[in-house]
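Below you will find one chain, with nothing else, as structure tokens; this is the form predicted alone, and questions on how it binds or moves follow later.
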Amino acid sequence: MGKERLDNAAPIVYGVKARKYELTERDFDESIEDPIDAQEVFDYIRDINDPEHPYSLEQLNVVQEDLIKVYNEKEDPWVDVQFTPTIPHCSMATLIGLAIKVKLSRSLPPKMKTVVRITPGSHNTEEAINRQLADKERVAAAMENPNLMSTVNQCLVPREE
């Protein structure tokens, strides 16, 4: 794809957060319940590839740990992820949101619900896209579309370092 066809031909590339984990004995004790937190969710989605550029969503600042909220309620656990497209008219915003939803559905416990939405004020059609991402039937239909899932899966394949 030529640069003239990209929505954002020259995106700003940001530094990535260091991956540092200090393991303790608690981490290896299977009897201790380890609740999911924003850092864990961020680690699942930070390396998703942008569909237009050779960068991760973290490198483009599309996903940020401080825009992730985790509610570990016993009966109804859920995660709220906001993402920020690189430009207000990004045509890939729905695809990015779907990639985040798919990655989380494959990574989180089955009982944990996910809400994926555009950061308020960051996209021209955020309300319509948020409605699409919140519509279970639409998301399920998208996940049954082989061409669309091929594109989503390409976003989820780790890049060679």
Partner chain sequence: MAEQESIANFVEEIVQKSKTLREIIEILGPEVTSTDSETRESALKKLAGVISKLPDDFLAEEEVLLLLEFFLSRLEDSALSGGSVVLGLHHLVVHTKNLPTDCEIPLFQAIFKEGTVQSWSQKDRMRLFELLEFLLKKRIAGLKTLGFDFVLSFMRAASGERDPRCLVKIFQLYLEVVKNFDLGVFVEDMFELVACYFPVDYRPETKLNADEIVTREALLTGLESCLLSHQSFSLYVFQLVSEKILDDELSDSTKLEICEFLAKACLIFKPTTLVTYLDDYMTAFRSICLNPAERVHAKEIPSPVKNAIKYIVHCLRKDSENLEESLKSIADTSIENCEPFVLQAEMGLSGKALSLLQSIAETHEICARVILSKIFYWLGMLINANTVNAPQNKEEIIGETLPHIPVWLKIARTVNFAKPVQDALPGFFATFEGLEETAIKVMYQSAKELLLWKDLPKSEDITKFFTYLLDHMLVDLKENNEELRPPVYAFIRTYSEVDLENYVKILKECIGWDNIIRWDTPYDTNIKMLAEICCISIVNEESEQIFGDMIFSEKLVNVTEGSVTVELFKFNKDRTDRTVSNYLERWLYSGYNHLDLNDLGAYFQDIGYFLNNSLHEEVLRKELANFSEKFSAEAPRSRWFVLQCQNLDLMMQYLDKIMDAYFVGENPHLFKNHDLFTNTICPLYTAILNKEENWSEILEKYTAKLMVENPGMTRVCESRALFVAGRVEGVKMVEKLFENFIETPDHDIPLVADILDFEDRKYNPDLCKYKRTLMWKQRILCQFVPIYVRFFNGLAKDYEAKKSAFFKMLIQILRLARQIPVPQTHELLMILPIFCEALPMYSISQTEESSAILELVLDGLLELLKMAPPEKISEEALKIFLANFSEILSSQEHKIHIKLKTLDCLELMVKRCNSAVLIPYQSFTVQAIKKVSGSKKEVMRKKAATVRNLWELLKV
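This one's a predicted model, so the numbers in the text were calculated from it and none came from an experiment. Numbering follows the first chain given and starts at 1.
Another form, the form predicted in complex with the partner chain, is not on view; read the next lines as being about it.
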Problem - 4.5 Å heavy atom contact, Gly121 and the partner chain in the predicted bound form - result: no
Practice task
Answer yes if any heavy atom of Lys103 is within 4.5 Å of a heavy atom of the partner chain in the predicted bound form; otherwise answer no.
Solution key: yes
Problem - Contact flag, Leu60 vs the partner chain in the predicted bound form, heavy atom cut 4.5 Å - result: no
Practice task
Flag Asp135 as yes or no: does it have a non-hydrogen atom within 4.5 angstroms of any non-hydrogen atom of the partner chain in the predicted bound form?
Solution key: no
Problem - the partner chain in the predicted bound form: contacting segment from 27-35, 52-60, 126-134, 113-121, heavy atom within 4.5 Å - result: 27-35
Exercise for the section: Heavy atoms within 4.5 Å of the partner chain in the predicted bound form is the criterion; list the residues of 143-157 that meet it. Expected result: Asn153, Gln154, Leu156, Val157
